[in-house]
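Let's start with one chain on its own, the form predicted alone, as structure tokens.
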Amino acid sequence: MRRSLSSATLILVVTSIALAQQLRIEGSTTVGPIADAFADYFKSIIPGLQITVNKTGSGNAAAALIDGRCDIAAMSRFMKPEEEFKKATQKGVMPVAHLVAMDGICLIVHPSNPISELTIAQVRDIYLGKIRNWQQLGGPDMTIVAVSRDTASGTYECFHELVMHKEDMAQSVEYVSANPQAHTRVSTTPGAIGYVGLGFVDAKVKALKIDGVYPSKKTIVSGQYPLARPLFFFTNGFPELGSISYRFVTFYLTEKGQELIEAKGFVPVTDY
């Protein structure tokens, strides 16, 4: 009897350890590079740790946390009070936000496009279909190809509110599922305009000044850039102190966490 009890106890202990060494992250393609960098670091220092990072959009991340399909929801926007928070509490889930980094929604064009600055009103008119040719903005006689993130994206939600003032976009607007796709479409299409997180701006695209302010770490952290926004990890309740989830969602407070955030092109909320 003792031998049987010891075996059962051992199985429970091993199972508990295995479960403790798993972390499921779902969410934003914008926050994805930060989650990936954190995951790689933690797996390098904790042997046997299993971390999955699925980049399916902020809306899907909220749903996954509410349904218990992930431990951490990575989101490039805050949860919607009347929809996601309400549904969460009805299911006994209490979302807790952890502000991980700051970001900017950057309007990008092809490097060959001479346009270097737009106003928010001009960007809105482009996506409303009122401005259809770059010539209307002082550029070349070239049709504008407006590219947007899909509606499951937190970046779309922020753009829809900050730029579009919640007006519907024109039917001609193209939708892509993630930052890399938006970047690729713009970098290979001379007439295209799109929007991505700061970490996705490189030499293959040209970021535009918006209302006279260029998106940079300095202008985003200072609040000067008009399309700055926070990035979050959400958990169900505050994680148990010392747990893998706790260490992961508070890692941004460490020097190493800040270093990884900066390396991915985002703006840390701490300064050492």
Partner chain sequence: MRLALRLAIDKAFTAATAIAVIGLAGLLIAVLGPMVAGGAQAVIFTSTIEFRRMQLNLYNRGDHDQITRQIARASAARQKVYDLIDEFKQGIDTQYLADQVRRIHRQFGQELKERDITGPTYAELRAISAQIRDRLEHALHTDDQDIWRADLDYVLGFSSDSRLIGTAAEAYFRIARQLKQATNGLDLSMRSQYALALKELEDILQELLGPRPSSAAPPLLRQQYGATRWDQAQRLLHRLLYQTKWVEQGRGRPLVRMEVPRRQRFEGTCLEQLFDYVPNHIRDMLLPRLTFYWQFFIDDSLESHTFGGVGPEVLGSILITLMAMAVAVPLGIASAAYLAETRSTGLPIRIIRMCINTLAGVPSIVFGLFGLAFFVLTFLPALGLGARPSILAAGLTLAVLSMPVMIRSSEEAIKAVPSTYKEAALALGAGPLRTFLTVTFPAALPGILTGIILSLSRVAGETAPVLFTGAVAMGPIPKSILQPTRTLAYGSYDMAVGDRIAELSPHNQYGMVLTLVMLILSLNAMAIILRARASAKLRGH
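These numbers were taken from a predicted model, which means no experiment stands behind them. Numbering follows the first chain given and starts at 1.
The form predicted together with its partner chain exists for this protein as well; it is not shown, and the discussion that follows is about that form.
For the chain shown alone, residue 43 is a contact residue for its partner chain in the predicted bound form, at least one non-hydrogen atom being within 4.5 angstroms. Its partner chain is not drawn, but in the predicted bound form it has no heavy atom within 4.5 Å of residue 230. For the chain shown alone, residue 133 is not a contact residue for its partner chain in the predicted bound form, no non-hydrogen atom being within 4.5 angstroms. At a distance threshold of 4.5 angstroms between non-hydrogen atoms, residue 188 is out of contact with its partner chain in the predicted bound form. Judged against its partner chain in the predicted bound form with a 4.5 angstroms heavy atom cut-off, the residues 151, 157 and 222 are out of contact without exception. Heavy atoms within 4.5 Å of its partner chain in the predicted bound form map, among the stretches 192-200, 77-85, 117-125, 98-106, onto 192-200 alone. With the partner omitted here, the residue from 89, 177, 172, 143 that has a non-hydrogen atom within 4.5 angstroms of its partner chain in the predicted bound form is 177. If you take 104-118 and check each residue for a heavy atom within 4.5 Å of its partner chain in the predicted bound form, you get 110, 111, 112, 113, 114, in sequence order.
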